[in-house]
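First comes one chain, alone, set out as structure tokens in the form predicted alone.
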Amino acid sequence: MTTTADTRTMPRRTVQTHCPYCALQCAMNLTVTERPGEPDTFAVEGASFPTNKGRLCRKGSTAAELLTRRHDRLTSPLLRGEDGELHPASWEEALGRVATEIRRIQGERGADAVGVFGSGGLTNEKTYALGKFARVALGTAQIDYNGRFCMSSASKASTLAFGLDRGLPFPLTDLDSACTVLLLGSNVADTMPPFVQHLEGARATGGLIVVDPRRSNTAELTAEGGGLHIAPAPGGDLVLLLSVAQVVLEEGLADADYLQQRVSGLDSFRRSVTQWWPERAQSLTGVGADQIRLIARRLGHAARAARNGGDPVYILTGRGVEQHKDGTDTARAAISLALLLGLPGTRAGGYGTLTGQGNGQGGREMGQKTDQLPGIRSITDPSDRAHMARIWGVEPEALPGPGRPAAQLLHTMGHDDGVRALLVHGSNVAISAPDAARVVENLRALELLVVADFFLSETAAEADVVLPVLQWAEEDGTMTSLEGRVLRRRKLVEPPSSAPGSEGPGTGAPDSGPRSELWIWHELARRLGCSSTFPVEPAEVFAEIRQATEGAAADYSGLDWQLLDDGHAAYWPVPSALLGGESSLTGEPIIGTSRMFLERFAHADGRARLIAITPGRTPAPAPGELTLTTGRHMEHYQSGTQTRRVTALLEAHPEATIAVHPATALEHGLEEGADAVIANAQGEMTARVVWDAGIRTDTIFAPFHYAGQGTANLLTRALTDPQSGMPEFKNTPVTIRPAGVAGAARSETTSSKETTP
């Protein structure tokens, strides 16, 4: 047994890096203690950094536990044998099979028969290389990623309104001085707890307004100081925002000078909201007319004071209002309200959307989104195509066009009109995609499924080939946080090896342990006869990113690897490496553009855009139906592939639950702590009932982290926003009954089922 004194004399190494989970990208010090003859031990502590100020949530503070797991860590490729089971194989065998099958399938069915599915958790370097690999080595248009399920509606809305998509177009620390914050559809107290400290100013003045159909932990923050919790009916956010805008205009609370100087389309927008006076809106939103007027007046008066030198006002949105079939319109309505108040691009406040995944911002900038090229270039723009073709050494006409967005890609795969092979990197679509049973069925219909992961996720378990890859502390790279800040992720340890005597991935030994995706794509491109180069060192890929994004909206060309390694604050766009001033909070040197739109918006005329917004009809729930909305627990992340393997996190929430109002539970015969079944035309979910007096009686809530019969996305539908491709995760009609009680035939719920082409 090693004593404390012994441990202190053992070799230790520490790096400052960033958390492997959400887009807050909290800074942390990660320390490894080498123990000869025994497994290394790891310690994590929060590091001083503007976004987290030394704090970590439970996920971040336990992140190092995943580095010590050996019994279920993938350490060699797996191939599915004739017996139907997965068996260890060499890298040569695994990559050989992948390349052979890709050539066969594309030879028989064309380049678009092979698809690629990426992740908002990949580093910028891997995101960039994945998009390049798909379009150059495979020549396929069929690439998209799980960020389509996260940021796509807000991204589209920001692009339409501002001409540019950056989640927070201002530093997160600007929120510290806010007097008023309207937070719609985001439970930051659970999803990114260190964020909450940036709301303290608004809480203290009673200016925190939280919109959520349940009284989440974030909504509880309004209890002190006179804040507001507004609980609209599921799907009622769009009309609520339009009604608030109507009051702002009707009562003269809009900033007329700002609108005249910096915004186009006011008349059209004004006409579209005229019909949404509060007394009419309350019947569709479930929010009283008096509350609607109260929100408008609080925002309007606070914004007017901010324009006259008072504390700023911010409007922030999250997935709760964006993961709908009208999510783009809802996000755009929130932006429109911010524009009416004269906030974006001023010191009076602003609008922002809270990116969820660790590299959700960089993940959509670097080219794995089906309609985008690196730098947020458009794949249909001739000049953008020519620029990227020059960087990649191909002819512009050789680059494919846009493919299918994620939900359509997954729901058509395995069939004649869809891809016949899919390469999945960093995503667990068997849990995270809508209509999950259909997705799993389609995965099994593929001729080739390749999954790269570091654990055997539910998606990897369906694969023909599983490729073991590196974890966060085993590789270098860059990430771009929710505020558009480019950060360095630093390597601390070598990954485990499956080959006795191997020195790890850097040796080039074909049978050594997990490898970087950069190496995998390099090797596959070589086997496929691709003439373009695919560097395997992250710093070399980053140098190519600088060239690829030069002159683009998301310009990284003024950065370099060493500059980021030295800890400078770097916010894109960075057209040059000149220092641009200092942060008002920390005094740290800033490179790039920390605050966007101060002089002009990104449209050609420099003006932001308002347009008419007309809500579509949302069918009322059928008799006996409730509305299911999904979300996260504090202790878990995404599909749970990582957090369900961390002991303390799993013990906190070991199984799926269903939050139900006590009155609803009594009406449906549900006992607290007993199992219940939620059902609709897509399928059934079984989970333990938790009574929650803070949720609306017409709504039930389930987390989406769990596998098996606890998978919430067995119920969510394939409905998508026509502008963004975002699935409707937050508004699913269901019935509920105690487990063991026979349910109605599925055909009885098909009246509320809608489909997409």
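Quick caveat, the model's predicted, so the values are computed rather than measured. Throughout, we count residues from 1 along the sequence that is shown.
Another form exists, predicted together with a small molecule; not displayed. Remarks below refer to it.
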Hey, with the small molecule in the predicted bound form, do Gly356, Ala452 and Arg632 all fall inside the 4.5 Å heavy atom range? yes
Mark Val541 yes when one of its heavy atoms lies within 4.5 Å of a heavy atom of the small molecule in the predicted bound form, and no otherwise. no
How about Phe49: is it within 4.5 Å of the small molecule in the predicted bound form, going by heavy atoms? no
Is there a non-hydrogen atom of Ala161 within 4.5 angstroms of a non-hydrogen atom of the small molecule in the predicted bound form? no
Flag Glu684 as yes or no: does it have a non-hydrogen atom within 4.5 angstroms of any non-hydrogen atom of the small molecule in the predicted bound form? no
Could you tell me which of 560 to 568, 439 to 447, 189 to 197, 252 to 260 sits within 4.5 Å of the small molecule in the predicted bound form, going by non-hydrogen atoms? 189 to 197
The unique member of Phe534, Tyr314, Tyr128, Tyr637 whose heavy atoms fall within 4.5 Å of the small molecule in the predicted bound form: Tyr637
Have a look at Gly477, Gly375, Pro234, Pro169 for me and say which one sits with a heavy atom within 4.5 Å of the small molecule in the predicted bound form. Pro234
